[in-house]
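Before any questions on how it binds or moves, here is one chain, the form predicted alone, in structure tokens.
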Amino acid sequence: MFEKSRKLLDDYAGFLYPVLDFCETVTVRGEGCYVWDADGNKILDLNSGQFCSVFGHSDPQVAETVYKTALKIQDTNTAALSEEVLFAAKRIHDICPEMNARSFFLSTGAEANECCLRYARHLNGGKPGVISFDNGYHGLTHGTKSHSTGRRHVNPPLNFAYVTRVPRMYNETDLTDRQIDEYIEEFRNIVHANAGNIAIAIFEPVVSSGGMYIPSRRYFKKIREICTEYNIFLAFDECQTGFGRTGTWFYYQQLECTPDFLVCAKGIGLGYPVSVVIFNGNTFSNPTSDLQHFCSHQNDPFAGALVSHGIDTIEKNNLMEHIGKMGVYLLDSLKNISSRHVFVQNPRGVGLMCAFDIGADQSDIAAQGILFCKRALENNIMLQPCNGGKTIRLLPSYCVTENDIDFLCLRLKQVLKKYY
């Protein structure tokens, strides 16, 4: 099935440093929710690239936006602003009015999170501490990994990095109020013991790679209250949940819990490297700072043009309604499979951000997750394991249809029937 791909990998992969166990197919083109490999296999991509190509692969209007911007201007001095960036900042302000947004455009989620933490420390009196979820993920730089799952591998370890447990919830009713209160009190106790040191708490509002946990509105509202009480900034890392993924522009809007910092990446760039740090203009009412930030690709014109195009497209095509409808259809389809097969467990999700756990031998779960995704690829569906192999995430493009989801379910059933 992958003969040409394997030959390409044999001939050329040795020139790459093996930072991953790459899959056995070589992608040559994409269109919509599908990619084609070197062998001509048409494969349904259920993660829109790496959760970035939210309008589908090779969207012609996205390509035209990049092309027209590149013909106009490709790069600017870091202190010089373009029309594209100014217009995009106003568009961001308008889609999250609760934030009274003041935006700063960068390239990647990890970079944006680092920037967020840097300014939080500076704007909160130089306090060094950061509190984060045990299973959260914010990037792989030294700083962001120190506040992510896998922090034990950071060398040297970062001081003043405090950890609280994420509520292990798949929906609002998974835990009782009393159980949720235990997680809240754990957070409060850490904050109380270290309040003089903690500048910011940073959380994914939906904990993705760490297990697709969905903490409740009640939890985050209490966290907001505690942060305000102890003069600690609250940041939401919405690199995956933001820009429409969950059926609203940002997931904090569903939680009714407004942060002091909001970080968005991946989908906001429509498949290109764009991220944004959004400062809450109500928290920072005088947005001047003696701390400057410089990097080669900050406030790039093409970033601004892509953000504005994305907002226009979502609004004009009423994509929020489509995301909500397809999210329900996808989750219901996974629940139907789960009811018939013990291997697919705990289907959950919000909007077009869904997941399920695999019912395999937990002692060998990492290998089982990789093997399951390999078998899925052989049946023309591209999936990714996370959470140590236990969880399969599905974050399809916003152009996904019921037919695409039906194809996913058909092929999943074939894999399950043949192997499990």
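One rule holds for the numbers: they count along the sequence shown, beginning at 1. Note that the structure is predicted; figures quoted are calculated from it, not measured.
This protein has a second form, the form predicted together with a small molecule, left out of what is shown; the following refers to that one.
With the partner left out here, the small molecule still marks one of 107 to 115, 301 to 309, 327 to 335, 184 to 192 in the predicted complex; by a 4.5 Å heavy atom cut-off that stretch is 107 to 115.
Screening I92, V130, L262, C239 for any heavy atom within 4.5 Å of the small molecule in the predicted complex leaves a single hit, C239. Checked against the small molecule in the predicted complex, the residues Y137, F233, Y252, F243 give one hit for a heavy atom within 4.5 Å, which is Y137. By the criterion of a heavy atom within 4.5 Å, E204 is counted among the residues contacting the small molecule in the predicted complex. The small molecule is not shown here, and in the predicted complex it never comes within 4.5 Å of any heavy atom of H147.
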